[in-house]
Every structure is written in structure tokens, then in C-alpha cells.
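The chain below stands alone and is given as C-alpha cells, in the form predicted on its own.
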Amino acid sequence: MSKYDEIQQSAYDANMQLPKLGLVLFTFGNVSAADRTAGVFAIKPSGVPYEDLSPAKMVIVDFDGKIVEGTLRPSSDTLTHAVLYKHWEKIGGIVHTHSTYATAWAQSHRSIPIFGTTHADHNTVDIPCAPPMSDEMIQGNYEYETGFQIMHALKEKNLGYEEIEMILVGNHAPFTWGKTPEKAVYNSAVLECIAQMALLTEQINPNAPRLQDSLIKKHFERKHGPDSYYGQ
């Protein structure tokens, strides 16, 4: 038994959702689950097929990216997760995938326009695409710098991490986060759906208009506003 059993189980359960939701191929993705009190997170081991995972194989890492417990090498994206946990104190889970449609937008260096109410149910703005990393950052501590790349992109757009819980990294792929690993996985699935819808929208009508402000406000606030009435 480990004192980290709870976050190891949480990280395992969340990781196992990625292939079920069609968000990963082979080992192209990872989820982490944080314990804020202990200052650590559990993350998928690097390159291990999903069918070979278990809760005990989740690696425990601190917010500086140092291994605390575990015999396997953690995900290659561990330092990105560590940076975000260290600077964003209200998140409890992070997901990184190379899901097809969201990654295609990232490779195109394009934010995803807010075309419809499905998008507005979750965000009031375009899903941002962070600019590709500079050569200097790439040649440095790449995964560590990716965390700052994400934070800087939100800051430049005057967006907070609690306001929007998903981003595309230019030439790379999407990252999502949330208060729990489950919410981060949900956000990853929603992002992929919105990315696919937006692509199809532009294919059907290259001049498709953005959603009007009144509909953005209505759909977001009916789910998330002070007088929300969506759900039970």
C-alpha cells in the first residue's frame, strides 16, 4: 500500500478513459492527478501501452518534476505538468493528447473559432493556439518551457486558466486541465469534438460567421452562470 494510492487510482482511471474516448493512439497521451496537500502528482509512465497500465505503475512526482515514488520513468511531458501545477494552484488534473482534430488545428497554427452553441456551452472565446516555441526554448529544457509557452499564451490573450481550460500548442497538440482529472479528460473530449465540428463547418462554408455575442452569452450562462438552469 502507498500513501499515494488515491491519486494513483485517479490517474489510472483517467488515463484509461483516453483510448475509450478515441483520444489516443498507442501511447500518444497522458493524464496526471494532483494531491495539493502533499505537493505531488501521479502521472502515466512513459511509453507503457494502456493495456499494461495499473494504478501502482503511476509515477509520483513533485511540482518541481522530481520523482518521489515509482520505479518507472514518468511521461516525457512530466515537466510541462509540473510547471502548470506549480503556477496554477486551483487545478487538480492535466491531460495531453495528440487527438486528431485538435492536433490538426495546432499544426495549422490556428485558434478554433467559436462557430456554434456547442462551443459556447463550454467557452466564450476561441480556443487559443499558442505560438510555436522559439529555437532557443526548443534547444533548452523543452518540456519545461512548454509549460511557460502555455501560460504566456493565455496571458497574452488576457485569459485565465480558470476561465478557459484548454489550449492548442502550435506545431504540437492540445493540453487541457481542470479541478479534477475527470474534468480534464472531459475537457479533452469536448475540445476534440469542437475541433472536428469547426473543421467541418469551414469545409461546408469557408465564410461561416462566428456565433453572435448574444448566443455565446446565453449558452454559456445557462450552464455556468449564476442563474444557470441546465441539468438537474
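Residue positions are given as counts along the sequence shown, with the first one as 1. These numbers come from a predicted model, not from an experiment.
Below, we refer to the form predicted together with a further copy of the same chain, which is not included among the displayed structures.
Asker: If you check in the predicted bound form, is residue 158 within 4.5 Å of a further copy of the same chain, heavy atoms only?
Answerer: No.
Asker: Residue-level contact is defined here as any heavy atom of the residue lying within 4.5 Å of a further copy of the same chain in the predicted bound form; does residue 72 satisfy this criterion?
Answerer: Contact with a further copy of the same chain, yes.
Asker: Can you check whether residue 179 is within 4.5 Å of a further copy of the same chain in the predicted bound form, heavy atom basis?
Answerer: Judged by the heavy-atom cut-off of 4.5 Å, residue 179 is well away from a further copy of the same chain in the predicted bound form.
Asker: With the partner left out of view, is residue 21 within 4.5 angstroms of a further copy of the same chain in the predicted bound form by any non-hydrogen atom?
Answerer: Heavy-atom contact with a further copy of the same chain at 4.5 Å: present for residue 21.
Asker: Sort through 191 to 199, 62 to 70, 159 to 167, 32 to 40 and report the only stretch with a non-hydrogen atom within 4.5 Å of a further copy of the same chain in the predicted bound form.
Answerer: Flagged stretch: 191 to 199.
Asker: So which residues in 22 to 50, when you check a further copy of the same chain in the predicted bound form, have a heavy atom no farther than 4.5 Å from it?
Answerer: Contacts from 22 to 50: 25, 26, 27, 28, 45, 46, 47, 48.
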